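Single chain ahead, written as structure tokens, the form predicted on its own.
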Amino acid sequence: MNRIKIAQFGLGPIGIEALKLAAQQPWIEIVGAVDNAADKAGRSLTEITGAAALDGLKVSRDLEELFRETPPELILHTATSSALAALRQMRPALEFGVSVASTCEELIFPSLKAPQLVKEFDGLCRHTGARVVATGVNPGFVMDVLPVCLTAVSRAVDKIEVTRVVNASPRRQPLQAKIGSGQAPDSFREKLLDGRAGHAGLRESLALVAHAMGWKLDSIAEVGEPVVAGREIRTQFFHVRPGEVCGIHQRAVGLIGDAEKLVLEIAMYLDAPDPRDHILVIGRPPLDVLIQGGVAGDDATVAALVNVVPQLLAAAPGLHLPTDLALPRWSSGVDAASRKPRV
């Protein structure tokens, strides 16, 4: 079997888990990783991940150093939420013709935050033969790709509503920090207002669904508020006292005129009861889909990243939206590596 050569960019909690999952796939060959953090660069990948299958591989400080060793066919990128920063990080790989699958939230619909770079990077990819796509659980699946897929059986769609409730207590430390755990409500509210905290990618999910539906929105309104603890909460990483922030509640609405066409609402907080993902497609036929317990964010994010690889490499060169690709799916490895790049 011809295996796909893959390297990992970014060795935070998600990057490490993505690398470990990729290393378990029979259709993937891991050739290295990149992270310039002082406590990671130059170290053994086995030492960092605990995965014996990565023995002999070390962490490169940058992509140029990685490419001097064994150039990959594709980079798994898990390093930033900013589309602008992600595209700049990816440039050396794209110039080398190496494709990138990323968990960057803003790259789900990059025209919203970095429209000036979309044409530039799409052109670069088409010139070198590289491909780029962003994926994940949210954004990347629950509140955008999945609702779009559900409309495949619709004769008409008038409105889409998605509600996601997430219990953040078992999630990774960076996420618990991002939702304001243990902070003062007024201080965290200011961070939400200027974009320094909260859930990234909600507006991008809304814009992606609108794009897929062919709806030209007149406006997008987004509001966010901290969720305040009514009792003491302890997690592996935080001790939250009553009156302190334990999470976020955000809502984004897409309007055409005065009519709400899209409503995306997420509540992500410590010890949230009844976690769930709820999708309503208001149209013909009406669809009411509930995922009890919700899609497990961290575990499923790395799966989404690995599972999109064959579909991305089978696509034409360019900067892609997740709805541009063939439907991603889990693979046992029987045919995954056979879906090689077509230029």
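Computed from a predicted model, the values in this text were never measured in an experiment. Residues carry their position along the shown sequence, with the first being 1.
Quick note: we don't show the form predicted together with a further copy of the same chain, though the next part is all about it.
Judged by heavy atoms within 4.5 Å of a further copy of the same chain in the model of the complex, the contact stretch among the candidates 210 to 218, 231 to 239, 266 to 274, 118 to 126 is 210 to 218.
In the model of the complex, a further copy of the same chain lies farther than 4.5 Å from every heavy atom of Ala314. Residue contact with a further copy of the same chain in the model of the complex: Val289 places a heavy atom within 4.5 Å of it. Though the partner is left out of this view, Ala296 does reach within 4.5 Å of a further copy of the same chain in the model of the complex, counting heavy atoms only. A residue is said to contact a partner when one of its heavy atoms sits within 4.5 Å of a partner heavy atom; Arg68 fails this definition for a further copy of the same chain in the model of the complex, lying far away. Note on contacts: among Ser154, Ser111, Ser169, Gln183, the single residue with a heavy atom within 4.5 Å of a further copy of the same chain in the model of the complex is Ser154. Note on contacts: among Leu84, Ala200, Val148, Val165, the single residue with a heavy atom within 4.5 Å of a further copy of the same chain in the model of the complex is Val148.
Shown without its partner, the chain has His278, Arg284, Pro285 in segment 255 to 286 as residues with a non-hydrogen atom within 4.5 angstroms of a further copy of the same chain in the model of the complex.
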